[in-house]
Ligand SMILES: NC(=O)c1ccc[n+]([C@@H]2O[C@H](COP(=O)([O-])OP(=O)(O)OC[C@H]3O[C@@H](n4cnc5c(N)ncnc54)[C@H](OP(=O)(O)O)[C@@H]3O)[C@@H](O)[C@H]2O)c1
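The form predicted on its own is given below as one chain in C-alpha cells.
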C-alpha cells in the first residue's frame, strides 16, 4: 500500500451522518490514499448515546469526553455532525481555539451563529469547511466559493430539501395526499420522526441563508430569511397546478434587487419547462444566474447519510492538502448589503377559492384586484352545486398590492372559503 501523510480525525457524533462518514473512510481509505497521498484515520468518536455505538467497535475508539479529542495533539481535524446550535457551537469554538481544523455539516448553526465561528477561524488561521451543510453530495459550496467568485451572481434558486421534494413529487404523480406520503417518507428514512424543520421550511431557509451569504458576499442569517413550508399543499392544489402547466416545489429564492438582498423559501408553482421543475424524488438542485455566466444548474442526491458523508470526506481531504488556509478560511462576507422589503418584491400568484355559483362573482373579485393593480393571467372555474371553485393566476405585481387585494376579497359575501395562495416562479 502507498505510504501517505496520516491525518487523524476526531468525529463528533455517530448518528446517520457520523456513522456514514466513519464507514466511508474505512471503505475508501486506500483509494483516497492512492489519489491524494492522504491517509485518513478516525482516531476518536464522541458519542454519548450508547445505542449508537456498534458492538464490534474497536476498543478505545469511542468516548463520551470531548477533552479526549480536543486535547489530543495527534488529532488534526475535528468533524462536527452532532447537529444543534448550542453544544455544537461550543465544541467548534474550543476546537478552533485549540488549533484544530474543523469540518461541519451543521447548516442551522452556520446560518444562525456562523459569523462568530468564521471570525474565530480567521483569527486562529484554521480551516472551517462546510460543504456538507447544503445539498448533500452536490459540491455547490466549493463551486460558488471558488469557480463563481467572479461570476457576478445575482440570483440563486434552490430545491434544497429532499424530504419536501420527495413528498411533492409523489403528490404530482397522484400517488397519495400530503399526510399519507409524509408517513411513508418517515418509514423510508427520508423524513425525521419530527419533520417540522423540513416540511415547515426552516431547513431550506438555513441552507438558503448560507448560499446567499456566499453568492452575494454579504452576511445573511436564518433570521433574515422569510420562509413557509408545504403543510397547506393539498392534492387538489397540485392537480390544478398540473392543469395550468405547473409543478409545485418548495423553492428557495435568493436575489439581489436594486443592490439589496432578498432571501425567501416558499412553495411555488414552476412552469414545467423550468430547469428545477424536473428535479424529482429526494434530489436537490441549485440554479445560479450571473451577469458573467448566464445560467448554471447543479443537481444530485441532497439528503441521506452517504451523500452527505462524501461531502464531509471531500472537505477533510481539502484541508489536509491545503498548505495554508488562504481565502477559504472565511465565508467571504466582505460586504454589508441591506435587505429588500419582502412586501415590495414582485411576484406572480396562484389563487384557489370556493365562491357562490352566481352571476357577478368574478366581476367583484376582478374589480378588487384591478383597484390594487393586480392583473389576472388565467382562470379555471368549476361548478359544484351552489358553489364554484375558482382558480386564478396573476401577472407579477408587488406583494404588498396582491395581499391587500386578498384581504379585501376575504370580506366578500360570495367567498365561501379563505383564498389559498401560492407564488408562481
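Quick caveat: nothing in here was measured; it's all calculated off a predicted structure. Residue numbers count along the first chain shown, from 1.
Form predicted in complex with the named molecule: not shown, discussed below.
Student: Looking at 251-259, 221-229, 338-346, 104-112, which lies within 4.5 angstroms of the named molecule in the model of the complex, counting heavy atoms?
Tutor: Comparing against the named molecule in the model of the complex, the contact stretch is 104-112.
Student: Give me the residue from 287, 178, 91, 190 that has a heavy atom within 4.5 Å of the named molecule in the model of the complex.
Tutor: So the residue touching the named molecule in the model of the complex, by this definition, is 91.
Student: Only one of 40, 391, 46, 374 has a non-hydrogen atom within 4.5 angstroms of the named molecule in the model of the complex; which is it?
Tutor: Exactly one residue meets the criterion: 46.
Student: Test of understanding: in the model of the complex, would residue 52 fall inside 4.5 Å of the named molecule by heavy atoms?
Tutor: Residue 52: yes, in contact with the named molecule in the model of the complex.
Student: Indicate whether the named molecule has at least one heavy atom within 4.5 Å of a heavy atom of residue 17 in the model of the complex.
Tutor: Taking the distances in the model of the complex, the answer for residue 17 is yes, it comes within 4.5 Å of the named molecule.
Student: In the model of the complex, is there a heavy atom of the named molecule that lies within 4.5 Å of any heavy atom of residue 132, even though the partner is absent here?
Tutor: Although the named molecule is absent here, residue 132 would touch it in the model of the complex, with heavy atoms inside 4.5 Å.
Student: Is residue 121 a contact residue for the named molecule in the model of the complex, using a 4.5 Å heavy atom cut-off?
Tutor: Residue-level check for residue 121: no, no contact with the named molecule.
Student: Using the arrangement in the model of the complex, list in sequence order the residues of 80-106 with any heavy atom within 4.5 angstroms of the named molecule.
Tutor: Counting only heavy atoms within 4.5 Å of the named molecule in the model of the complex, the contacting residues of 80-106 are 81, 82, 83, 87, 91, 105, 106.
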